[in-house]
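This document opens with one chain alone, in structure tokens, the form predicted alone.
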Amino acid sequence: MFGTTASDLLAMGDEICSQARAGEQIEAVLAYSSDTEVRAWEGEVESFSSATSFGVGVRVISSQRQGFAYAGSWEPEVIAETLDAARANSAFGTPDEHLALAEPDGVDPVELDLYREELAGVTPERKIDLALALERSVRSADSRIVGVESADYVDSLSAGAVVNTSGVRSFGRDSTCYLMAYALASDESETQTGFGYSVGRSLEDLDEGKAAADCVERALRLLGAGKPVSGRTTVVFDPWVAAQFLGIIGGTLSGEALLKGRSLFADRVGEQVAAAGFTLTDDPTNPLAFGASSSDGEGLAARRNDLICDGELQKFLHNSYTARRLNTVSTASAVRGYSSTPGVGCVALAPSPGSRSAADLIAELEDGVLVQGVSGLHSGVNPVSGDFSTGAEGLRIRDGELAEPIREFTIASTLQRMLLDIAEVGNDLEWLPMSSAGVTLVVDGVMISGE
């Protein structure tokens, strides 16, 4: 389709920016995506959706005022109307001396191989077969699997460009796909759920067997779960839960959070905020990351940003606006779609992995809890105070082995305390369909409340 190549998208951006008037800055963002979702249920296709979308966003800055408009079309007359609307909106903007577009900063983009052309040629029938096969694998794995809530195949192919009058010209494209299943397990007295997944950039990367096996194991091992006795213990977050926890930490380390007074780490750069040896990085240039990209939402070259090194807070993430407001430089961490102005965020957050497996870490614990699922995580965390409280489920750890399943308990601490109490990081780093990677994370001294 026209517009999915670098030359097409950049040419459209150039044309928009060429219409800048005296004293005016213009930024054009053009994006295309093709997305498919298939859900299987009871051997049939419950739903199938395939959609192609494309659009343009235009930002105009004039006299320290900003205007923005977007449209889901690339028709010349629509683009012209969008530019006119952005200009008109700028007249009503609030004056802000820090408003300006991103400027090239001398960092060269890393060439990343994120797009698999073969994914574009996969037929709908093949995608349906993958979802149906996943459901069959889950259902047939164990007689205690009494149902499959969902078995999904999802993929996305996207391309985008950012061009502005300050000299920024960037283009990128990528492909992603994944399988995910949710199963119901029952022993006649109760029912438990579990999920499994497999992530990649092409069908060859997907492992149906792994997704099904993980789903079944997570459901079965919770059968017979009861409430644990309350107390303080070592908690082992499995990779899925750890990714969510680290994502919350990453959200507090942005310039936007600083400007809004919503970061518990404000004014702590250079201080010890985590256990010695713990390192946390946002690196969009890692091609294994689900959110990998050669450029950020303002078109600057993506780069590795070490947020915490050996437990010491190194920096916050910034786009060009938050950097100006806080008298620093952009970390090329702008995030946005064509229908929004730039925000700030992590896209490929990961801790440095340790040297030992999850099994080895569990084997040395006399007492602890493996947490494989949480509920109400975001509502149970205060990013300003750091208070942390969330519902959880998992398995008790006794004498180095996984013991009885437990559920309906709460884990409570603070984000600050948990970072400092990280005892070890596993070697099982895996990239998930989110902005954070997962890894087994051992945290000492966490309060659990059950019976």
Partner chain sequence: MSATPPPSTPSQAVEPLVDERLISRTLKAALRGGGDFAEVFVEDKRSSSASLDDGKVEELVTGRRRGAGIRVVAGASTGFAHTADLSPSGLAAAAEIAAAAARADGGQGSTESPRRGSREPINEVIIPPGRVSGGRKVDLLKLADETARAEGGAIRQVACGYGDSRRRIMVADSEGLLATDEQVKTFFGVSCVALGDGGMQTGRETSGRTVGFELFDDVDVADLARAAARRALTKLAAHPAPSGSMPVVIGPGGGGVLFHEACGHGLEADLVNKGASVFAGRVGEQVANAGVTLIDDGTMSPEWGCYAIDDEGRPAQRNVLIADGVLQGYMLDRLRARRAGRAGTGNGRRESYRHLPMVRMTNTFIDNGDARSEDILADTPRGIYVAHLGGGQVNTATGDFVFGMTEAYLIEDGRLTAPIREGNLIGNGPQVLMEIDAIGNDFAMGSPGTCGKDGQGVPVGDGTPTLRVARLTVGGTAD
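Numbering follows the first chain given and starts at 1. None of the values given here were measured: they were computed from a predicted structure. Rigid core: the largest C-alpha set superposing within 1.5 Å between the two forms.
Below, we turn to the form predicted together with the partner chain, even though it does not appear here.
Think of it this way: in the predicted bound form, the partner chain has a heavy atom of just one of 149, 310, 360, 142 within 4.5 Å, and the residue is 149.
Of the residues given (326, 85, 122, 100), 85 alone sits with a heavy atom within 4.5 Å of the partner chain in the predicted bound form. Contact check for 117, 279 and 397: none of the three has a heavy atom within 4.5 Å of the partner chain in the predicted bound form. Only one segment in the set 160-168, 204-212, 235-243, 257-265 has residues whose heavy atoms sit within 4.5 Å of the partner chain in the predicted bound form; it is 257-265. In the predicted bound form, residue 137 stays away from the partner chain, with no heavy atom inside 4.5 Å.
When the partner chain is considered in the predicted bound form, residue 192 lines it closely, a heavy atom lying within 4.5 Å.
Remark: residue 339 counts among the residues lining the partner chain in the predicted bound form, judged by a heavy atom distance of 4.5 Å or less. By the criterion of a heavy atom within 4.5 Å, residue 154 is excluded from the residues contacting the partner chain in the predicted bound form. Residues from 423-451 that approach the partner chain in the predicted bound form with a non-hydrogen atom closer than or equal to 4.5 Å are 447, 449, 450, 451, in the order they occur in the chain. In the core-superposed comparison between the shown form and the other one, residue 72 has its Cα shifted by at least 2 Å. The Cα shift for residue 310 between the shown form and the other one, taken after rigid core superposition, is smaller than 2 angstroms.
Core-superposed comparison between the shown form and the other one: the C-alpha position of residue 120 differs by less than 2 Å.
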